[in-house]
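Shown below, as structure tokens, is a lone chain in the form predicted alone; questions about how it binds or moves come after it.
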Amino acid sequence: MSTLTVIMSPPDHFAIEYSINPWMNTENKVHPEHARREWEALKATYERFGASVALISPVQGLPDLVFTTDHGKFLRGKFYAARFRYKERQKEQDVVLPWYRAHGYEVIEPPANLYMEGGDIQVNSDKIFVGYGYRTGEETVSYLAKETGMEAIPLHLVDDTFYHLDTCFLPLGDAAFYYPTAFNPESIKKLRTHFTTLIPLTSAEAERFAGNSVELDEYVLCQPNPSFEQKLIDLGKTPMTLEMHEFNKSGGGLHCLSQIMT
């Protein structure tokens, strides 16, 4: 596969210290050694694929820094930085944005009145799909279209369990997986116009973070889920399974842990 850069952050301080989505329960403790093993397995998988994995150092007091995809999105070679809605995560950008600049990336910060989180932005071919409703504002759609010159498609999220687009939507070229109850009817109509094959996820598949999978050429990194794995095989994809149980406790999965430079 082509040279790939994945930006990750070790889970040294990963924990559930607050609740900003329905998955997060501060009484549901993270097992640090299990989280480390899961994270290391994901990192090693990228490296086996020939990817270069760059690391943002973990910081005490920033338990969700590990979810690097939320910090922004690479679009046409520029890093469009997130502006987090919740104060608990806003402090992460004080660490992240200097890191990107120090490593030579051009960082574009959104206007102060615009909320935008990387987990709500999915790119497929030359189109940007933008989830809005919980973390990202609808105005982000026109902002990204204007800044990048790319077509941006708004998708209204209506189930707070699936608070980011990458928890309920997985585009794979001409096909895409989606969890129907996560979207309003108008958004599902839009999806049907952009994909030849649109495959609904069952609630069991969605709740096992099937939508948070990662495409690597003909492979798809996903959490163990036999029915979803068979659907991938039927599409001509090869599933590679990795368990992310500890990160699921916080509402995150494989894609959340992986800022992939495109």
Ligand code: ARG
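Throughout, we count residues from 1 along the sequence that is shown. Source: prediction; values computed, not measured.
We do not show the form predicted in complex with this ligand, though everything after this point is about it.
The stretch from 64-72, 27-35, 230-238, 199-207 that comes within 4.5 Å of this ligand in the predicted complex, counting heavy atoms only, is 64-72. The single contact residue among F129, F177, F183, Y163, judged by any heavy atom lying within 4.5 Å of this ligand in the predicted complex, is Y163.
Judged against this ligand in the predicted complex with a 4.5 angstroms heavy atom cut-off, the residues S9, V95 and Q259 are out of contact without exception.
Contact between I20 and this ligand in the predicted complex is found at the 4.5 Å heavy atom cutoff. Although the partner is absent here, R89 lies within 4.5 Å of this ligand in the predicted complex, judged by heavy atoms. Scanning 224-259 for heavy atoms within 4.5 Å of this ligand in the predicted complex gives S250, G251, G252, C256 in sequence order.
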